[in-house]
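Only one chain is included here, represented as C-alpha cells and corresponding to the form predicted on its own.
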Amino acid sequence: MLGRPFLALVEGFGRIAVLFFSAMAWAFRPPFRLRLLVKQLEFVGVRSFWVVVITGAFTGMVIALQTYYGFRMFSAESLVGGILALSVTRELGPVITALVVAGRAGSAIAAELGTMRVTQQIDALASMAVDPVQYLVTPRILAGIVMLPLLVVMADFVGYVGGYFVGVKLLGINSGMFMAKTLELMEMSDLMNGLVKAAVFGLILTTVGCYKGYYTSGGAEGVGRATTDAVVISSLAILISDYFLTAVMF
C-alpha cells in the first residue's frame, strides 16, 4: 500500500535530478543559445518586476507597522529600522519574491512546456536533431538562477523604503535613530546570504516548472494538473529549503 507511492516519489526525484544535471551540462556545451536565454531572462525577471515591487513594498510596510506596535510596549521603537532590515534581507525578501515568481513564472513555464509536450512539439524538436533539454530547459533554469537575486535586491530596497515611510513618516520614529539601528544591526553578510537563498530558490522554481511541464501527459487536463503541481511543489520546496539554508548560513 505504501510501497507504490514511495517508489513513485523516488522515481520523481530521480527524473528531476537527471533533468537538472542534463540541463546544467548543456549550459557549458555549444551551441550556446543566447537569444533564448535573453528571452527567458526577460520573461522571468522583467515581467515579474512590478508584482515583486508591490509585494516587497507592502511587506516592508507591514513589518514596520507590526514591529512598531510590539516594540512600543518596551519603549524600543528605535529598533524597528534594524529589525526591518534584517527581516527583509534575510528572510522575507528572498522567500516572498520566490513564492510570487513561482506563482507567476513557474506556473507559466509548466503550462508552456506541458502544452508543447501534449501537442508533440517536443518530439518534433528531437526529430530535427535539437536536444529539447538544451533548447527548452537550460535557458529557463539559468534565467531563474540569474534573475531571482536581482529581483530580491529590488524587493529588499522597496521593502526597506516602504518600512521607512511607515516608521518615520507615519509613526513618527526618529529618522536618524531608524537609520543608525539599521547600520548597527545589519551586516553585508545578511544581504549576501539572502541573495544566495534567492539563487537557490530561482533554481528550484524553474527546475520544478520545467520538470512538471516536460513530463506532462493526459492532454489539456494533464497540462492544468502539471501547472498546479508546479506551483504547489515549488512553493513547498522553497519553504523547506529556506529552513535548511537558514540553519547553515545563520
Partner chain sequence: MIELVDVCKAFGRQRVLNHLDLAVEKGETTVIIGRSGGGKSVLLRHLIGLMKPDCGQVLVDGQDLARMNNRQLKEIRKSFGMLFQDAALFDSMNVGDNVAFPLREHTRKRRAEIRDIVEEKLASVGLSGVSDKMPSELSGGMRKRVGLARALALDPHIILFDEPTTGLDPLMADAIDTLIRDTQARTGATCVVISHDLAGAFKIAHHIAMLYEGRIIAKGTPDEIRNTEDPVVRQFVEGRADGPIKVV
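Positions refer to the first chain, counted from 1. Because the structure is predicted, anything quoted here is derived from the model rather than measured.
There is another form of this protein, the form predicted in complex with the partner chain, and it is not shown here; the text below is about that form.
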The one option of 171, 96, 150, 130 with any heavy atom within 4.5 Å of the partner chain in the predicted complex is 130
* Is there a heavy atom of residue 119 no more than 4.5 Å from a heavy atom of the partner chain in the predicted complex? -> yes
With the partner left out of view, is residue 225 within 4.5 angstroms of the partner chain in the predicted complex by any non-hydrogen atom?
no
- Task: Mark residue 135 yes when one of its heavy atoms lies within 4.5 Å of a heavy atom of the partner chain in the predicted complex, and no otherwise.
- Result: yes
> Wondering, does residue 73 line up within 4.5 Å of the partner chain in the predicted complex on heavy atoms?
Replying inline: no
The stretch from 122-130, 171-179, 102-110, 153-161 that lies within 4.5 Å of the partner chain in the predicted complex, judged by heavy atoms, is 122-130
